[in-house]
Structure formats: structure tokens, C-alpha cells
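In the block that follows, a single chain appears as C-alpha cells, in the form predicted alone.
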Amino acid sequence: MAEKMESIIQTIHLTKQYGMKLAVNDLNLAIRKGEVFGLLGPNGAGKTTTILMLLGLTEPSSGEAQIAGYDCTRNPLEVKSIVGYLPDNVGFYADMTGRQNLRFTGRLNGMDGVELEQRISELLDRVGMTEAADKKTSTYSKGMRQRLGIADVLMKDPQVIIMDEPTLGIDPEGMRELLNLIRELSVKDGRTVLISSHQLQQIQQVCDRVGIYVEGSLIACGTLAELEAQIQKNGTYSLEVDVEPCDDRILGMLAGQTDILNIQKEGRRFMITSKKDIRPQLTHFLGENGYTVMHLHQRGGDLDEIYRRYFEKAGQNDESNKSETKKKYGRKSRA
């Protein structure tokens, strides 16, 4: 049995209402120390409002949020000292170099002299920005700014890092580097990382667990395997099969399975809907009868399918809340 992990972020009946709009509805969530947790949902789902309350930038209408035992509303300075925040579009002084921007942050956090310069060099190397360190940040790509943003957040050595849409607008190579960095923050450093995002593949690659947000409510939470089990419990299975040869024997075998609800054929590919997972029986039949499997994929086991099934009715816009975050945090939104 797995050992129970300590929670570092906890919300208890956390609720936020703006006029008639219920932005966050009775959120009960525990995020474990050292994990990467993805808060997944469309615009307007309540993700950014939740971040605002965790950062102590807006008060909940009811309930509470805690980070490392500190109440996010009553103890905002203590929370600020242990939490780093990376907004979706991190800003730096454009006429200053990456190194100069980090030096500015370090001095704000009480560092100076040799200690500060050594810390800057170490972090620039860690995020792969040493070669660009003495170029003005106005010349940086979005991916470079995000990597420098991680170095900026790490200047004060936070226990918790909160990222709002960190991979938005980044090219594939920059995204790969950024995702590796995010994962390293958890695995190597033991830091807790909370990512708010609607980008499915990125969340799938780096997160230990995912929370699914729809219209202010957390409707599911767990690992991808646990989420798959939740949506399959009262649902159906969808299987795609492409075999060689594509003949009447395979069709006859499928038609004889009592748990199959529907069979469709698109070109050479069978699309099968069933009440339970039929892959064991199917693969046994294919192996026994000399078929070559060209494609076999059960939909529902990846985040794209989970997202599709959970978010059919969602889709608003939370840009106003993101603007509030940036306004309250100022130029660089440092938590």
C-alpha cells in the first residue's frame, strides 16, 4: 500500500462569487508535497480565480485556502515568501539583459554581492540561458522568456511554484525544454508545482495528477488512469482496430461478442463500441488466427478523450481574472 503523502496546498469549501457569477464552487482539494498537479479546464472554468485566492490576491466568499499551513487570506506575506508565481506571459524590463533582470529580482529578495552573482549564474545555467544572459530581454522568444521566468521564480528558492498557462505560444522545441524543466523542479528539487492549463498534451506529459474544472466546480481529480476509470465506470469503451487481412472472420468474431454495442467500418478500420474492455479476447483471437495488427487503440486512455468527454458543455472566458492577477502583481507578477 502506498504511503500517504503530505499535502502542502489545501482548499476547504473554497468558494468565490462575483455578483451573480459563481466563479469557484465549494472547492475541496489537496495537493501533495513534491508533486506536479495540473488544474485543467477551459477559459472561465475558475482556474485563475482559484490561483488569485491561493496567492492571497482576492478573498474567498467563503471557505479557506492554505499553503504549508498558512492561511492564504490571513497570512499573505508568509504565503508570498514560500510561493513563486509564473504568469502566462511573464514580463521583464525590455531594455535590461536577462542577467540584469535576475539581479533586480535578487536584490528585491535581500541578496547582494558574490552570493547574488553566483545564484544568478547557477540559475541561468540550469534553465539553459547562459549564452543569452547578456542580451536584452526584448530580443527573447516566448520560450526564452518563460525559461528566464523560471529562473526568476527560483531566485527566492520557493517551496511551491504556481504557473498559469506556462506553455502557451511556445514552439515545440521550446516546449520540450520547458516541460523538462518543470518536471525537474519536482523530481530533483522536491518542489510542488501547480499548473493551470487547457493544453492537454503538455499536462499529460508532466503532471502526476490532474484536477478537471468545469464552470467553477472540480468534477474529477486523480491520475490519468484514475480519471479514465471514472469516465468508464458508467460509460462505454471505444476501440479502433486495423488488421491485416481485413476479412469476414474478424467481423464474425466481433459480431459474436455479447458486450459489443456497435461496430462501424471506416475504410480498413473497425470502430467498436462496447460495454467493457474487449481487448483481451480480441488480441487472443488475432494472435491465434495469424492476423497482423496495424492499429489498436482504445479511446479514453489519453487526456484528449477525457477532456472531450468532460468539457462538452464548457467554454467561457477568464481573461478579466488574468488581467486582475497581472494588475495586482505589477510588472513581473512575482509571488
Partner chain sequence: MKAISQRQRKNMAGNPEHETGGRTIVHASTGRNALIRKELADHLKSKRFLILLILISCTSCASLYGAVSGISDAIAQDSNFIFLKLYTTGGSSIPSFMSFIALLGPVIGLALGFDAINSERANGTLNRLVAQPIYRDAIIIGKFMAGVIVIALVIFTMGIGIGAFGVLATGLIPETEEVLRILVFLCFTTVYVSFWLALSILFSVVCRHAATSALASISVWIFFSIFMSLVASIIANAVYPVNDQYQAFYNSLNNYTLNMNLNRISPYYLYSEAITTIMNPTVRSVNAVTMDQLVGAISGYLSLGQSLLLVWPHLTGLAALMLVAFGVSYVGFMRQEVRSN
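Numbering follows the first chain given and starts at 1. All of these numbers come straight from a predicted model, not from anything done at the bench.
Beyond what is shown, the protein has a form predicted in complex with the partner chain; the following relates to that form.
157 is the sole member of 157, 131, 248, 226 with a non-hydrogen atom within 4.5 Å of the partner chain in the predicted bound form. Residue in contact with the partner chain in the predicted bound form (any heavy atom within 4.5 Å), chosen from 111, 253, 168, 179: 111. In summary, the region of this chain contacting the partner chain in the predicted bound form, judged by heavy atoms within 4.5 Å and restricted to 79-87, 171-179, 202-210, 253-261, corresponds to 79-87.
Not displayed here, the partner chain is approached by residue 104 to within 4.5 Å at the level of heavy atoms in the predicted bound form. Contact check for residue 222: no non-hydrogen atom falls within 4.5 Å of the partner chain in the predicted bound form. Contact check for residue 122: no non-hydrogen atom falls within 4.5 Å of the partner chain in the predicted bound form. The partner chain is not shown here, but in the predicted bound form it comes within 4.5 Å of a heavy atom of residue 92. Heavy atoms of no residue among 71, 127 and 186 are located within 4.5 Å of the partner chain in the predicted bound form.
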